[in-house]
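For reference, the chain that follows is the form predicted alone, supplied as structure tokens.
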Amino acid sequence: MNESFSPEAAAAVGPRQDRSAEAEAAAATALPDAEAEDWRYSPIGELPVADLRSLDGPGIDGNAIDAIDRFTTVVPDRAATVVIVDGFVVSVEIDPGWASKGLAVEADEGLPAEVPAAQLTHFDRLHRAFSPAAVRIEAPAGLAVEAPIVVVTHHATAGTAAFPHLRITAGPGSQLSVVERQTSTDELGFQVPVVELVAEQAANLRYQLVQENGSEHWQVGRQLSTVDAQATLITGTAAFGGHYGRVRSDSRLIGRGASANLVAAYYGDGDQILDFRTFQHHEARDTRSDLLFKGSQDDRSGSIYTGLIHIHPEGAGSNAFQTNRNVKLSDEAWAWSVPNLEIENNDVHCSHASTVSPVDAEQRFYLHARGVKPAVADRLVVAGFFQEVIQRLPVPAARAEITRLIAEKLDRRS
């Protein structure tokens, strides 16, 4: 980056002792290059790093307040509400009833992101150095938290980099749902969010992300999840904003009978690029994962999907599925879809599929033959295309909002 991200600046963020060392490691680590396989097809070389600076505190603007107010009304019944602005935790409110039952929601400056050493990039190092604090959300063993926890993450200060961090743990036999909404100004900004998800034995953990960043915003995010024996993880991603938005998801099934369902809906227009890299790691026997990502691309926008199902040697009896579908709504729109398999045990059932195509001609003809105008026909087809994903999103309270956001995109097109 630049001198704004020096070891001295990192040390000033908080008391954690390793911040300066992580900033030095970031300076010694090259920026990602699109020639590398993990960044192929991305515009990462165009990130204006020289124009970005670090932050020593949050900025609160009218847009931040609107973002907070709007989404908390979408999910009125909440176990807790967390507000993060520019990567800084500015408020945590937990329902006293759930707090008395052991639900923990708090900021913790002692929690660096646990990214595997072999995967650490320049941006990961910066996150470890400059993330002010993680939000720790934890349900104790046996507690079923019936209402979702809402996290609003807003990037308010233009020309800066922010490093928000969530660590969400569902204890043994517990049930927990978290929905996060990410927003930003329409000016240049860069965000490196990290979400860590831990489903302990027989737990049920659900996490829903709704990304609505501004038109000039860049994002390089991570989701790291571990699922233990007989536990279930469901993650949902709904991505609609940003100039470039990337999420890398690493899902590790580490206990026998673990299950992970990963779903996403994304819609790009203008010059947006939405980028997804997924890894389904079956490290224990009799595990199951099912991935369904669906996206639309309009105008000159593009999407990138690369996915890997990895069956480890101990993964006998595993079932793994991976599906990516894309609908192009203009001749200039584009999509890369590259699913992959790595199988180290033959006693498994795996499949992967991907498609990139325009609106289905037969569906369009069917509607035209019944007097539906072309623009309306395309709208109906695209809305129907997303329904399968929307019904599988993990937090029902957020589904209506995601349907509305897709309708807004279609309205803009009309």
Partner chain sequence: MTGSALIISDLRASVGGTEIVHGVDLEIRPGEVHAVMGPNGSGKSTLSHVIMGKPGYEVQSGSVTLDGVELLDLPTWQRARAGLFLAMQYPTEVPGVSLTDVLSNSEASADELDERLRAEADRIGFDHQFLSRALNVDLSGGEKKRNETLQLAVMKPKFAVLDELDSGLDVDALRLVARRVEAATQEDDLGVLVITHYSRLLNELKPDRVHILSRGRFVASGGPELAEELEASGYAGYAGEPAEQPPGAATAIDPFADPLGL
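Numbering follows the first chain given and starts at 1. As the structure is a computational prediction, the values presented were derived from the model and not from experiment.
The same protein has a further form, the form predicted in complex with its partner chain, not shown here; the description that follows concerns it.
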query	finding
Interface residue in the model of the complex among Cys350, Val356, Ile60, Val381, criterion: non-hydrogen atom within 4.5 angstroms of its partner chain	Val381
Residue (of Leu47, Leu367, Leu52, Ala27) lying close to its partner chain in the model of the complex, criterion heavy atoms within 4.5 Å	Leu367
Segment assignment from 31-39, 52-60, 359-367, 342-350: heavy atom within 4.5 Å of its partner chain in the model of the complex	359-367
Residues of 373-389 having any heavy atom within 4.5 Å of its partner chain in the model of the complex, listed in sequence order	Lys373, Pro374, Val376, Leu380, Val381, Gly384, Phe385, Gln387
